[in-house]
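What follows is a single chain, given as structure tokens, in the form predicted on its own.
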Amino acid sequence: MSIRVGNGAGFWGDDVDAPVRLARDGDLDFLTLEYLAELTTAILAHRRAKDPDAGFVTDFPEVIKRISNFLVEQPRLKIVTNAGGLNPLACVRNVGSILVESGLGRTSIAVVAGDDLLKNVPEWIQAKIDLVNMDTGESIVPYADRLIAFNAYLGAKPIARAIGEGARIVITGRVADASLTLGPAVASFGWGWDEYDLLAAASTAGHVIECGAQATGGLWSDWDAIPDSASIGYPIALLDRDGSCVIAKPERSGGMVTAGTIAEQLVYEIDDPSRYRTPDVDVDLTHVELDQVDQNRVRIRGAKGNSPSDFLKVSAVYRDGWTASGLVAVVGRGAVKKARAAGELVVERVRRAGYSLAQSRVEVIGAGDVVPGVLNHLIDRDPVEVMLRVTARDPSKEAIERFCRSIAPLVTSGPPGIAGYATGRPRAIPAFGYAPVLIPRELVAPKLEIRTATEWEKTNASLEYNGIS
């Protein structure tokens, strides 16, 4: 027995046509859509704070509308996504309405919750549970009152449970990226949660396809050799019961699947390849082998698994003042020198106006500042046109608004060669901080609710989800 799992989104903002093409041409058992990143969580949290019915990925209902005919034509096609973001209930209501309008009101939809732990933080602080920013080693208590999101990375277990109980669409909040593929594999093959090598094999496949076209030629170092990048195909994992896996893409789509494209994605976002941690299994990638078995088909084998940690990672987002960024073009001889001087002028004029900015940054794009110190040997030392970007952050909105008004004057009171705005006058926007936190696994209780699209459409109250053991 084998299954075909295709991933049609690597982040919120990815190609909106990709999931449609993949559902149409992929001959799939499961279509996964991976939308969430740390930045996405901050955006969704900000939206939810302004509107209690917001906080989910708004692209997803539109995807459902566009592929509803494929759900009719392909009875075995199922969908698994983390588009629920910080508000899975609002997301499923929208999806339910669309399916009802499409004549698919009997479609079974599962919502996976339990990742949102924001309300628990005061209690845990009172109980002296360590809540430490993994990046800094410092407690998050000083800014706990400014938290707007505190979401644990759930694993594949509730996804597998939902599919096993007949759900055709599974909408989750924050889950680990690879779990979107592992859940369908466990549900399809009946693996045990202690069969770690099998879990590792499917998690490796999930990791490879989670970023969409990065596995099929996107960001590939030989980018100019990629055929038909305009219609690049998104990846499909062909998984067998024994854990073996081949990565492919739809026939007649652009892009390419090679050992090289897969290898680059395999090591993407990996800290320790011998211990790639997920909520489901610790994956050892150090013995993985990649075999080009055919054109655009690569076999992955050799992943090993060990029991997962007793802790789960949490994505914590907190308000961190205000920020703004302005962008102007600078041209002519000495463009880099003029741009740096102009940027410092902005900061100094804000200071003389009575505002000492907490943070400011002057960047000259075209002079190596995007990746400082990395590409110096390739940089033209005297470019005749560059972009100046000046960014500021401060607890005071008033200070940032004064900063926003200090960039336009460069056009007439700065060095010569300021060619005008690239973005118009910037505006002060909320700034957010991010803290990765570990919490004991026993503090997190994944939850699941399954209803038909018609039932979800009519749901107005908060739900008492069923717990998942």
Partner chain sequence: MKVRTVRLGDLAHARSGDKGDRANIGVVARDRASYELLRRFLTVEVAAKFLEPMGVGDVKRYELPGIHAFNFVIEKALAGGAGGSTRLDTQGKALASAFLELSIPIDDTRD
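Everything numeric in this text was worked out from a predicted model, so none of it was measured. Numbering follows the first chain given and starts at 1.
Not pictured, yet referred to below: the form predicted in complex with its partner chain.
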Open item on the list: Taking its partner chain in the predicted complex, would E38, W220 and V371 all count as contacting it (heavy atom within 4.5 Å)?
Closed with: yes
- [ ] Could you tell me which of 239-247, 98-106, 162-170, 269-277 sits within 4.5 Å of its partner chain in the predicted complex, going by non-hydrogen atoms?
- [x] 269-277
Task: Contact residue in the predicted complex, from V72, A263, A353, I379 (heavy atom within 4.5 Å of its partner chain) - done: A263
Open item on the list: Give me the residue from T391, N296, S229, N306 that has a heavy atom within 4.5 Å of its partner chain in the predicted complex.
Closed with: T391
TODO: Would you please decide whether L290 lies within 4.5 angstroms of its partner chain in the predicted complex, comparing each non-hydrogen atom pair?
DONE: yes
- [ ] Give a yes or no for R340: in the predicted complex, does one of its heavy atoms lie within 4.5 Å of a heavy atom belonging to its partner chain?
- [x] no
Open item on the list: My question is simply whether E363 lines the interface with its partner chain in the predicted complex - judged by any non-hydrogen atom within 4.5 Å.
Closed with: yes
Task: Proximity of V336 to its partner chain in the predicted complex, heavy atoms at 4.5 Å - done: no
